[in-house]
Ligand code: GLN
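Next up is one chain by itself, shown in C-alpha cells, the form predicted alone.
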Amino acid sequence: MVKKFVATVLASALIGGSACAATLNVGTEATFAPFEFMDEKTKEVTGFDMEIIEAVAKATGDKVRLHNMGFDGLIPSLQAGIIDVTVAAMTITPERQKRVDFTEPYYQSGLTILIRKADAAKYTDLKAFEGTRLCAQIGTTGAMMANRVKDAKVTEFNSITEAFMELKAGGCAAVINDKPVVDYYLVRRGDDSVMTLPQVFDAENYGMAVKKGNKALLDKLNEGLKEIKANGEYDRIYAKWFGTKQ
C-alpha cells in the first residue's frame, strides 16, 4: 500500500534540498483527479502522480514531503528553492522549459475517442466519424476537435458524465475528451460496453520539473523513473488508476 500523504499549505519559505537530500520537497496542486486529489474519506492527497513520485523516491532511497499549493505557484516555488520538484500533471512546453528543467516524460496525455464496443469495426479512425453525431463537454478541446470533423453534428453537454450517458444510450457515435479523464472513467466504472480508439490526438507529455540547472536532481529522478518502468512498478500503478498499461 502506498504511503499516505498529508497535504500541507506553505506558510513560510522552506530550504529546498539538494539532489543528495534524504527528503524531497514535492509541490503539487491537489484538485486534478486522478493525478492528484484529496481523498474525501481520508482527507489525504492521493492519485497517480502521488504514487509515482513515492515509487521514484523509494527507488532512489529518498523520502517525500508533500506541499499542496496553487498550480501557478509551483514554478516560482521551484525557482525560489522552496520545493525541489513538482509532480502535478504538468505539461512539458517550450515556454516552461525556459524557466525549469523537466524529467523525461512519465505520462502522455491528449484527446481520445470513446465508442461502443459494438461499433469497433465501423469506427477505426477520425475520418470514419464524418457525418456522424458526436458528443463532448462544452468548452473543451474535445468539443473543438469534434467540431472540426467534417459534417459532424456535435452535441455539447455541461458535464462529461452526460456525454458518456448519451453514448451508452446510443445517442451519438462517440465521445471526444481528455484521455486521462476517459481512462479514469473506464477503470472506475468497469464498463465493458465501451472502448477507446488506440490513437491519441494532440498528444501532450507530462514531466516532473526541477529548478533550472539542477542536473544532479534531474538525473536522479530520471534514473528513478527508469527503474520503476523496468521493474514493473510503473505499470502496476498505471493499471490501478487507468485500468491498462500505457
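Numbers for residues come from their place in the sequence shown, where the first is 1. Please read all numbers here as calculations on a predicted model, not as lab measurements.
One more form of this protein exists, namely the form predicted together with ligand GLN; it is left out here, but the text below deals with it.
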Using a 4.5 Å heavy atom cut-off, are 88, 91 and 141 all in contact with ligand GLN in the predicted complex? yes
Just to confirm the contact call: exactly one of 37-45, 203-211, 189-197, 217-225 touches ligand GLN in the predicted complex at a 4.5 Å heavy atom cutoff, so which is it? 203-211
Is residue 112 close enough to touch ligand GLN in the predicted complex, meaning at least one heavy atom pair within 4.5 Å? no
Residue-level contact is defined here as any heavy atom of the residue lying within 4.5 Å of ligand GLN in the predicted complex; does residue 107 satisfy this criterion? no
Residue 137, heavy atom within 4.5 angstroms of ligand GLN in the predicted complex: yes
Proximity of residue 96 to ligand GLN in the predicted complex, heavy atoms at 4.5 Å: yes
Does anything in 172-187 come within 4.5 Å of ligand GLN in the predicted complex by heavy atoms, and if so which residues, in order? 178
Where do residue 239 and residue 112 end up in the predicted complex, Cα atoms closer or farther than shown, with a change of 3 Å or more? farther
CA-CA separation of residue 235 and residue 112, closer or farther in the predicted complex than in the form shown [shift of 3 angstroms or more]: farther
